[in-house]
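Shown next as structure tokens: one chain only, the form predicted on its own.
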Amino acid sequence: MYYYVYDEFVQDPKFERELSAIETRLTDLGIAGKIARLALFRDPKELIRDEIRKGAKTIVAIGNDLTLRKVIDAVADRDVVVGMIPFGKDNNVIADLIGMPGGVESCDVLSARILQELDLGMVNSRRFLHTVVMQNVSKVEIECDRDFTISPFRACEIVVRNLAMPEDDVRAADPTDGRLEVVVRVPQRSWFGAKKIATTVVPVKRAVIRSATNVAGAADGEAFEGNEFIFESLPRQVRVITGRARKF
């Protein structure tokens, strides 16, 4: 049984034609199902868990990375499959990483049901599939697997990665290796005033980040704030429908 979770922004009239085409294709493929439409004052976690209790086996986020994060948080420790149909141009990094195209084509990928069992990251009580980003962090201490501590001497950017593409200074983050990657980027000055970035990458199963002041961050695009963050890798926590164009 499929259960489709429509984010609030998808219900905008500008998406009406695309949404109608997707619903028709899902019916043609025999994978139509019950629909939940999220709204400001509806708790997505309770809606989804209620449907799982009623027998839903595949939960599909229709929206963007933020929608998918809400679904993943709700299905933790449940024996279900997670899928995604991306909408809009913003906040769809995860859709690209798991090989999920936009539009009607995503329905065929869902129907093919290529499943991957992926790790999740958790920061305090929040689960995430992709990354946690904290920028311009100062007076911070990073404890890595209770083995050693990193204390950047300048304001820095900290990125904790579970599933991510390679960048100029870091490799791809593998969401099947049972670890997170803590990436610390500290700006430095070289001769003639040119700016350089010193990058440190540490694979961890657990990390604690403590700051003397409140830090703003985002987990898969969802904002949060605090001064202590406990990160853990949760191996093989979620089964996700992926496309052949997945990036891992």
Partner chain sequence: MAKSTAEETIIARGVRVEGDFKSQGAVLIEGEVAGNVQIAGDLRVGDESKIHADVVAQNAVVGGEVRGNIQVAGRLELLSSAKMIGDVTADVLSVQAGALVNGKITMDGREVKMPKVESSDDKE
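All values reported here derive from a predicted model rather than from experimental measurement. Residue numbers count along the first chain shown, from 1.
The form predicted in complex with its partner chain exists for this protein as well; it is not shown, and the discussion that follows is about that form.
Contact annotation: of the candidates 31, 66, 38, 202, the single residue with a non-hydrogen atom within 4.5 angstroms of its partner chain in the predicted complex is 202. Listed residues 126, 113, 78, 171 were compared with its partner chain in the predicted complex; 171 is the one with a heavy atom within 4.5 Å. In short, of 93 to 101, 116 to 124, 79 to 87, 145 to 153 it is 145 to 153 that has heavy atoms within 4.5 Å of its partner chain in the predicted complex.
Using a 4.5 angstroms limit between non-hydrogen atoms, residue 214 is distant from its partner chain in the predicted complex.
In the predicted complex, its partner chain sits within 4.5 Å of a heavy atom belonging to residue 197. Although the partner is absent from this view, residue 70 stays clear of its partner chain in the predicted complex, with no non-hydrogen atom inside 4.5 angstroms. Contact check for residue 186: a heavy atom falls within 4.5 Å of its partner chain in the predicted complex.
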